[in-house]
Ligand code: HEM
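In the form predicted alone, a lone chain appears below as structure tokens.
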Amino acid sequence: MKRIFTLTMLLSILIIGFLKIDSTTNNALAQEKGMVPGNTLGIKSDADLWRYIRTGKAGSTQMKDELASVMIQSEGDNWRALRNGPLSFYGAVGLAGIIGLLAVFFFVRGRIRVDSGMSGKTILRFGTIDRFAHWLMAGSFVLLALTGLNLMYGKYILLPVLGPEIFSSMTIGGKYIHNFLAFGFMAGLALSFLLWVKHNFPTKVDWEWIKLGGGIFKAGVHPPARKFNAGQKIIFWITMLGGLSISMSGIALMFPFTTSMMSDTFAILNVFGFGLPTDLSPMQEQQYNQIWHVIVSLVLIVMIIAHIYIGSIGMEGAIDAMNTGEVDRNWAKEHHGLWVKEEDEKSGIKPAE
């Protein structure tokens, strides 16, 4: 009996030792191939799986938020690199460039004066409703631009100066200003369009104005123009179309994951062979909306800076058009001669007067 027990114990030790050696050998071989026991991947990467995850494909989740099914959203890296890289850089170049260009222009050309001098007589250029629409649109745009630029550049420029407490409070307040004043801008934009669109269709007169550079580069040159000259018409249409575009992208950003405007827009552009992606995830929609919002906003800001310059210190008598609505008749004759003639004919005023 004792021999049988001893034999059994020896046999058990041999079997256990053999299994242990075999297991160690298998594990070593498995580790060399990147595998671990249990048929799991271990340190061996499944390239197809990670490629699928990396492209932002959605899996399945029991959470109500559909964005939770996306493990890695690689486009976020691209969005951040584009926003903080080229957009930020070229936007700053554009802003600094237009300010520098206007400073040089003012130094070389000086203020555009009324060549014949102020007459002391005025003519009504814009009524109350026109001025209300202009200042509603312009005032809200300036605040939108300032709060938007703070989001873009504030942490680099203002944060080191103001400190985190003041800067954070100002930025949070700016966010609310930006969101709520957006609707005032849209109302002003719509009202301005209804009031002025009939005056802003191109005519042959506009080409003459363009050929003479609007008369802003040389004293004594006064190209013909009606109520709006070619330059003002260009600004009008860029403002209307650009304003509509940033309004739509802004709405998409204020109410996230509820629109497919970028996908729909890309689908329309693809008709002309652009080959843009149309199967966008909700997060991709937001990223494209944000990038487009920044691009159009920066273009409009650069243009409006030039518009503010020429309508204030750049041209004598121009600011009166939107302050009181009454402009000097000599100013009006030099810059909008055809319009003055039309208004005088309506009022029965003879040209000699």
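None of the values given here were measured: they were computed from a predicted structure. In case it trips you up, residue 1 is the first one in the sequence shown, and so on.
Just so you know, the form predicted together with the named molecule exists too; it's not on screen, but the next bit is about it.
Undergrad: What is the one choice in 147, 239, 249, 73 with a heavy atom within 4.5 Å of the named molecule in the model of the complex?
TA: Among 147, 239, 249, 73, a heavy atom within 4.5 Å of the named molecule in the model of the complex occurs only for 239.
Undergrad: Which residue among 153, 90, 105, 135 has a heavy atom within 4.5 angstroms of the named molecule in the model of the complex?
TA: Exactly one residue meets the criterion: 135.
Undergrad: Spell it out for me: taking the named molecule in the model of the complex, does every residue among 141, 235 and 318 have a heavy atom no farther than 4.5 Å from it?
TA: Answer is yes for this spot.
Undergrad: Given a 4.5 Å cut-off on heavy atoms, tell me which of 255-263, 123-131, 82-90, 170-178 is the interface stretch with the named molecule in the model of the complex.
TA: The contacting stretch is 123-131.
Undergrad: At the 4.5 Å heavy atom threshold, is residue 183 in contact with the named molecule in the model of the complex?
TA: No, residue 183 is distant from the partner.
Undergrad: When the contact criterion is heavy atoms within 4.5 Å, does residue 296 count as touching the named molecule in the model of the complex?
TA: No, no contact at 4.5 Å.
Undergrad: Check residue 333 for me: does it contact the named molecule in the model of the complex (non-hydrogen atoms, 4.5 angstroms)?
TA: Residue 333: no contact with the named molecule in the model of the complex.
Undergrad: Hey, in the model of the complex, does residue 308 get a heavy atom within 4.5 angstroms of the named molecule?
TA: Judged by the heavy-atom cut-off of 4.5 Å, residue 308 is in contact with the named molecule in the model of the complex.
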